[in-house]
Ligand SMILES: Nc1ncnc2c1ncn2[C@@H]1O[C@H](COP(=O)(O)OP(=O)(O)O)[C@@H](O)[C@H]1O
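Read the single chain below, which is given as structure tokens and is the form predicted on its own.
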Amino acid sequence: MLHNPRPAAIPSGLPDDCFEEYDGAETVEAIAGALRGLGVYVEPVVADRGCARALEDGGFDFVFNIAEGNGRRNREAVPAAVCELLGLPYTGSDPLTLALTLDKWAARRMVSPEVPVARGVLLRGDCDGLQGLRYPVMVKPNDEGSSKGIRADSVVMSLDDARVRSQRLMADYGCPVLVEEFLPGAEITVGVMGNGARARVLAAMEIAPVDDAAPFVYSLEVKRDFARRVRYHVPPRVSDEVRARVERMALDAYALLGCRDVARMDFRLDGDGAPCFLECNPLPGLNPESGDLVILSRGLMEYDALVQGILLEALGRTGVRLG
């Protein structure tokens, strides 16, 4: 199992969410326990500079990949690329998809116009283009995950505030900033599993604030306190027509982005109730308590079955057999 462990301390000068994507020991052990239920031997391997040697010397048959990698926008692609270099089959999407989906602007351009997106601009150093947007807007790092850089004040009401926040995020995270017109409707995430024509929606889930605060942002603060601040609704509290549309869009985006085995697609409804694509996570979190994919699938399967299902999908795709 290729992974990046969350360190106990954050180096001075880095944002407090810089390792938010990395997994805690409880998640690693939960996944390993679920996989052992299939009768396989599981050895956690850290996706650091030594991982290529560890994988090559380990005599492994298959890699269960949850590694987020190190670096900037290509970091999630590197562990998968190492597996390909060594000829080791692995779970999940390939390096191209992993790099593409971490870059939110690139992912938007890939799925649109087939899947609608909010109007937005990408800022790489200056703030040109902000004048053409309707406010309020959402300001976030372009190539980060796990709500890194997304806080309660990420929705800003004016051009001047958008400029200030964008410059601060570029300085803090060292990457471009994506500014999108804010979508005030329900936030819906969709779990997708499978490959090719057999890809299917596991479930769709609405993520709603407990206090109906507006504007609601599924921010880092909210995720860290999800039990008190969020209510999850499966299925979402939308019409059957909207739900069907969101699920169809999730499958379309899954195919357009080249996802494999499993992914989670995030959407938000605009002021007219029409869904727009936000982003794709082809390495969805599998924390047994707080992972959104885990939460949305609880009414369908046990945790172990979800984890095992990811491996079984990858085994079927690659033609590798258990035992």
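Throughout, we count residues from 1 along the sequence that is shown. In this text the structure is predicted, and so the values were computed from the model without any measurement.
What comes next is about the form predicted in complex with the ligand, which does not appear here.
Could you confirm whether Phe182 comes within 4.5 Å of the ligand in the predicted complex, counting heavy atoms only?
Contact check for Phe182: yes, within 4.5 Å of the ligand in the predicted complex.
Is Lys148 close enough to touch the ligand in the predicted complex, meaning at least one heavy atom pair within 4.5 Å?
Output for Lys148 is yes: heavy atoms within 4.5 Å of the ligand.
How about Glu247: is it within 4.5 Å of the ligand in the predicted complex, going by heavy atoms?
No, Glu247 sits far enough from the ligand in the predicted complex that none of its heavy atoms falls within 4.5 Å.
Indicate whether the ligand has at least one heavy atom within 4.5 Å of a heavy atom of Met138 in the predicted complex.
So Met138 counts as contacting the ligand.
When the ligand is placed as it is in the predicted complex, which of 217-225, 234-242, 92-100, 191-199 ends up with heavy atoms within 4.5 Å of it?
Looking at the partner contacts, the answer comes out as 217-225.
Name the single residue among Val294, Leu278, Val28, Leu256 that comes within 4.5 Å of the ligand in the predicted complex, judging by heavy atoms.
Exactly one listed residue reaches within 4.5 Å, namely Leu278.
So, a 4.5 angstroms cut-off on heavy atom distances: do all three of Lys104, Glu144 and Asp266 pass it with respect to the ligand in the predicted complex?
Every residue of the spot touches the ligand in the predicted complex.
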